[in-house]
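Starting off, we have a lone chain in the form predicted on its own, written out as structure tokens.
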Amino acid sequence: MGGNWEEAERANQALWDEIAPVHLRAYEEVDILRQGGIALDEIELQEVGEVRGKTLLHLQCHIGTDTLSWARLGARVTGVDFSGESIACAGRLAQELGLDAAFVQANVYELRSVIHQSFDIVYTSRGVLCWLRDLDEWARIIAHFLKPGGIFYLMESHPFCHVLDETTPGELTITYPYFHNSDPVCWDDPSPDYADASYLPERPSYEWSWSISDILNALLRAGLTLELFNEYERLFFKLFRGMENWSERWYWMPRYSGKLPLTFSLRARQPGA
């Protein structure tokens, strides 16, 4: 990309506009919501805690399944995504379910000029960090929108699992860089969509890698206080062919039991009241 992050972000926005309707049809989480449930994991529920009556800003919300789950639990939610088609899908889903939620189309990095309130909780989760070009600015934006004493929560795939490639089913090798590079990696191979194996996205994606230290230090530099950091050997999507079901909507590699971190979570707090 030669440092042209604007081109990368435009390409990614076009990709997510393309696949948002696919995900509205294919996401299991949509069916869960339609059946009266919530699409959140027990880890998130426990680590975030009670949300009833609290304001919650969901960054990179995509089609809003997590946003609407928090709304169903009583939070006053605002979901943000740079994909206009994703926000349109989220709005239609909210209307269908009769759930009260605000959805805003905006790039995270432009959010200060779009939303003019602070929140009890800033939340983002599962497949979000690779689309971010500047983690320090991301962390400053999170701090900006948190009320004194408010919390930021993140659940994400562990950076280490993205250095691995599956040469044969169940056999992993270290292939990709772990440490950050300012230029994103372009993925333009004709791979099936992660939610619908019958659909081949037409557009490429551009993704940035971030290490654990990048993530933690960005939040600390933004003035937040780290309260918890946990790692897990299961993942919320089937990244490798050799993965097996851990439980509903979770996968792991039994061959690497006790050896391979696949997911992490963290909670940080804005100092104050």
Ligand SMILES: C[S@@+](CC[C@H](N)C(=O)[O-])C[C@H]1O[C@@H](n2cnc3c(N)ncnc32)[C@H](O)[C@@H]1O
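Each residue number is its position in the shown sequence, starting from 1. Model, not experiment: these values are computed from the prediction.
Note that the form predicted in complex with the ligand isn't included here; everything after this is about it.
Check: Does at least one non-hydrogen atom of Y27 fall within 4.5 angstroms of the ligand in the model of the complex?
Finding: Yes, Y27 lies within 4.5 Å of the ligand in the model of the complex.
Item checked: Partner proximity in the model of the complex: Y109 to the ligand, non-hydrogen atom cutoff 4.5 Å -> Heavy-atom contact with the ligand at 4.5 Å: present for Y109.
Check: If you check in the model of the complex, is E9 within 4.5 Å of the ligand, heavy atoms only?
Finding: Yes - in the model of the complex, heavy atoms of E9 and the ligand come within 4.5 Å of each other.
Note to self: Please tell me whether any heavy atom belonging to F82 falls inside 4.5 Å of a heavy atom of the ligand, as the geometry stands in the model of the complex.
What the structure shows: Within the cut-off, so yes.
Next item on the list: With the ligand left out of view, choose which of W131, Y199, Y153, F160 has a non-hydrogen atom within 4.5 angstroms of it in the model of the complex.
Entry: The residue in contact is W131.
Check: Using a 4.5 Å cut on heavy atoms, which of K147, R126, R72, R140 is close to the ligand in the model of the complex?
Finding: Here the answer is residue option R126.
Check: Just one stretch in 240-248, 30-38, 216-224, 57-65 has heavy atoms within 4.5 Å of the ligand in the model of the complex, so which one is it?
Finding: Among the candidates, contact is made by 57-65.
Next item on the list: Taking only heavy atoms into account, state which residues of 173-200 are within 4.5 Å of the ligand in the model of the complex, ordered by sequence.
Entry: Heavy-atom contacts within 4.5 Å come from Y194 alone.
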